[in-house]
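A single chain, nothing else alongside it, follows as structure tokens in the form predicted on its own.
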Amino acid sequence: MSFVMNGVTVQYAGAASPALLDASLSFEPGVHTAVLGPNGAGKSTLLRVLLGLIRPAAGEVRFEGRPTSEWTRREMARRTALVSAGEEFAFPLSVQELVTMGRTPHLGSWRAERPVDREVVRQALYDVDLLGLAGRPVSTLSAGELQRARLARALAQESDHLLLDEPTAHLDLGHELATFERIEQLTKEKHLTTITVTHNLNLASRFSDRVVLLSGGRVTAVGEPREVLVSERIEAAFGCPVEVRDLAELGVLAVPTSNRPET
């Protein structure tokens, strides 16, 4: 197993309830796991506690058989890549320079790029359809283009473990679909441990092998997409009535419904 959580509870200072409560999960190579749940369910916290960025109040997290506390930041950076939205940049960067930062764990702070590093960066830009924008300042990108640049930086790390926090936020329909397709392809080709936090139930059911459903900091269901994404569980987690439609190879579509009487 790549990551193993046993009885993990995370409590933020001043919060009325835990962000995660007694969570026990494991994640293995070659498997794409989608983490689903409403806002505040604990999805982003789950990723950060796996990476050792947050220490649990109770329980234990192990990475490759060792407690996360025993791993250095550099060791974790070589083995794991995190994509999240909302980061700010302290100095001007081009798209290519941002993506090249993904090579830092392999080079160190002051070593020059090698031909192999430049090729990895070029391939990562190509994979997210940004090769034509490599020279553009990051500050001029749209929100969707910037999110794709963050994903390219993670791909340039060539890590064995890919953790994605809303990787398709701000993307249009075509790039959203292409991103999930590429994530699933890389997971199988490179035997990655991939964990994707997303609100898109349809794409999660179509492109993931396994789903973790969170609600109120608790793991409420784990299993294959069609086992987990049933109306009763979705309604309980998201607090609204839904109709689940099975679209075969296109995944599962959860359509919100209303109990209000027609007028």
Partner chain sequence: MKRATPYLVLSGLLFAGCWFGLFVGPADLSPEDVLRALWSHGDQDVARRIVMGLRLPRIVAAVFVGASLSVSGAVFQALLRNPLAEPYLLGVSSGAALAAVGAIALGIGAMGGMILPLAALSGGLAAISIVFAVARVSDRLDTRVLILAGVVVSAFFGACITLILVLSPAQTLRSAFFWTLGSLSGISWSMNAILIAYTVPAAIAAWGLGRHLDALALGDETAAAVGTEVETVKRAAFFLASLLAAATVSVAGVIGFVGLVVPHAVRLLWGSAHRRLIPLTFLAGATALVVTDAGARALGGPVEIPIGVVTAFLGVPLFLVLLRRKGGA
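Numbering follows the first chain given and starts at 1. Just so it is clear, the structure is predicted and the values come from calculations on it, not from any experiment.
The same protein also has a form predicted together with the partner chain, omitted here; what follows describes it.
- In the predicted complex, the partner chain stays beyond 4.5 Å of every heavy atom belonging to Gly174.
- When contacts are judged by a 4.5 Å heavy atom cut-off, Leu141 does not count as touching the partner chain in the predicted complex.
- Although the partner is absent here, Phe89 is a contact residue: one of its heavy atoms lies within 4.5 angstroms of the partner chain in the predicted complex.
- In the predicted complex, no heavy atom of Arg218 sits within 4.5 Å of the partner chain.
- Stretch 67 to 75 is the answer when you ask which of 119 to 127, 67 to 75, 175 to 183, 189 to 197 has residues with heavy atoms within 4.5 Å of the partner chain in the predicted complex.
- Contact check for Thr80, Leu93 and Leu98: all three have a heavy atom within 4.5 Å of the partner chain in the predicted complex.
- Of the residues given (Ala236, Leu53, Ala57, Val222), Leu53 alone sits with a heavy atom within 4.5 Å of the partner chain in the predicted complex.
- In the predicted complex, the residues of 153 to 169 lying within 4.5 Å of the partner chain by at least one heavy atom are, in order, Arg153, Gln157.
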